[in-house]
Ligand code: ADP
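To begin, one chain is listed below as structure tokens, in the form predicted on its own.
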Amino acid sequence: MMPTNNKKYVQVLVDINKLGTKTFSYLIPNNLRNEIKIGQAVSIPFGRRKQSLKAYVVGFNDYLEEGIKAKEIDEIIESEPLFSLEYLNLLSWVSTYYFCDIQSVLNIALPQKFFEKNVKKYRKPKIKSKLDEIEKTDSTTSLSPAQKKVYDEIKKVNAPTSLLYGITGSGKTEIYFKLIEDTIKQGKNVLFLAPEIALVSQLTIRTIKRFSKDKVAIWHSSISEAKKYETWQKLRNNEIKILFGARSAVFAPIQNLGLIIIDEEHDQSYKQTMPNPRYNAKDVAKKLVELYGAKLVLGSATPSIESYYEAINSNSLFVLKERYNNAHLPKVVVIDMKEERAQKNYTPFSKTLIKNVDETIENGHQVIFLINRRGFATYTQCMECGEILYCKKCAIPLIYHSQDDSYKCHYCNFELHNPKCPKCASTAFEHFGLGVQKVETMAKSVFSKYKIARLDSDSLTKKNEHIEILEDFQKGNIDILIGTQMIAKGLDNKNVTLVGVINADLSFNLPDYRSSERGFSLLTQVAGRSGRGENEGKVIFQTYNCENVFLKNAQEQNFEDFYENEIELRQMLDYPPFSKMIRIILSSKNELRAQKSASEIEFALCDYLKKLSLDEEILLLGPSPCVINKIKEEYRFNILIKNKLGFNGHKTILRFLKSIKLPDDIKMVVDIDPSDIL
């Protein structure tokens, strides 16, 4: 039971048309003073016309700013609090740590249906989910000796966070299921996060088959607000035992939380890059564990450098080194595409890959092609004058999409149809580079006798389409599945015996300190989709740089060697885990003004740190133009901060940033623990 209140004013959260979600203070009537609680829904008069709106109690105080006259709340709509003090503490921590206002946090945490006045007249979701058709079929699977050993060790460890590092196909999911089963038997509930919506759906289907649909729900950005609201109410009533979701599910109000599992924990999809709050679901989950006394299990075949380092140093690393049922890791072959071009093969498919595709499908097995780039082509060039077709608002080339014959910017959604060259007005364009749509088109020509499908964010045009494509692939109705990184994680189709990576160099070529980690993880993960059944698998990496040391690590599926090489570089350069990063981006439509503001802030911060004698523990890089130096017509400059003092350093930097007053034409973005520096 939550404590009653003896304060004069109540702070309420309300969603206002055209203004968004805001907090306001209202006077508490005497007759409600002993009844009002945090988390209750109340009715408030708003504006000059005293329009009656629904709001939520989020705090109390005794004083208002001078000149403000508070109105009284009208009534308590729902006496039972809809969220707890612990839940508000979590949201408050997110607001403070990620340097944003509480309203921004609440905007992503609460379904907007919460602010509808007539909640009792609320309609249930009209569209039935495909997940509702799944029935419980599986019985409990016994763990192998290796799995049982790791499971027992995780149960015994005192550390709140454990890392399960298991090679692809080693059976991490079965250990997750055993931990889930134990948690439910203890009367507690489970939050299970996965990085991609497609993977969330797959895991949810497997879990329903094991535990029944009555205990399982799903939560991510693509489900409707109505469905989200319905799930929220079930969570509140403790009707759901296992909640699956992508990163935003970390804000769902699960009762009696006992266990959080984060699968593919290395994936950068757990970090929200925009809008505010720019949170990382892994770090929010660690705060949840602290608040609720739950346990967190991270799992991956390619753990993040930070997680692996932390697990080693806290004795909470648990390792599965063999595939389940002693299956072999797939053989990985590297093909030099420079030699293919020398032999006048200008298709994206090497002769070796073509031969292996034919053999694989003729033997009744299936194939995956990975090309980690959306769209048809990477840039479009005028054949009359050589001009590249750029986004008018951003400093990047437009990407051609053959599906709707359009040219799109993947940063601001600017779109062109039937363009003319901005320099000479010609329409003689050629498309260069490889995107997933072009690979699909060429594959349908080269492999015309096979059934081919594509799975990427641009190909999903209707609800649940990703589930349908994956079901068709699982049933054998698709011979070749082509996709971006979406298909590299979690696919467990035992009939896949060949994976082809069309351009293995792509992820290694970005000017970012995490590019090697991302490239290694992607290649290792997609290689792990092959040979997960009784038949041995094969993987073909096509590359223009056979000497890349990280490519060789991925070929050998050797995470330990990769880690040793990478951690040495990180320590030498003071990158995470040897510091915590903060990225400050200053932007303006006037390039000189943005540069000037960035320089002034860097100079003032340097001076501030020197006065505190912290300039050797908090290091600054920049200001310098961002790699993508213009987005949405605004020029961008960034300052990188390497904080080696932990949370104390973090608070010092944020204290300085709060003191900054910017001109109206300058925008500042503060990205805590950025996933990239592009």
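The first residue of the sequence shown is number 1, and the count goes up from there. Model, not experiment: these values are computed from the prediction.
What comes next is about the form predicted together with this ligand, which does not appear here.
- For this ligand in the predicted complex, the listed stretch (170-178, 440-448, 466-474, 567-575) containing residues with heavy atoms inside 4.5 Å is 170-178.
- S142 is the sole member of S142, N363, S221, N256 with a non-hydrogen atom within 4.5 Å of this ligand in the predicted complex.
- Just one of K188, R206, K552, R593 comes within 4.5 Å of this ligand in the predicted complex, counting any heavy atom, and that one is R206.
- Contact annotation for D283: none of its heavy atoms lies within 4.5 Å of this ligand in the predicted complex.
- Using a 4.5 angstroms threshold between heavy atoms, D492 counts as touching this ligand in the predicted complex.
- For Q147, a non-hydrogen atom is located within 4.5 Å of this ligand in the predicted complex, even though that partner is not displayed.
- The shortest heavy atom separation between R532 and this ligand in the predicted complex is within 4.5 Å.
- Shown without its partner, the chain has Y324 as the single residue in segment 320-348 with a non-hydrogen atom within 4.5 angstroms of this ligand in the predicted complex.
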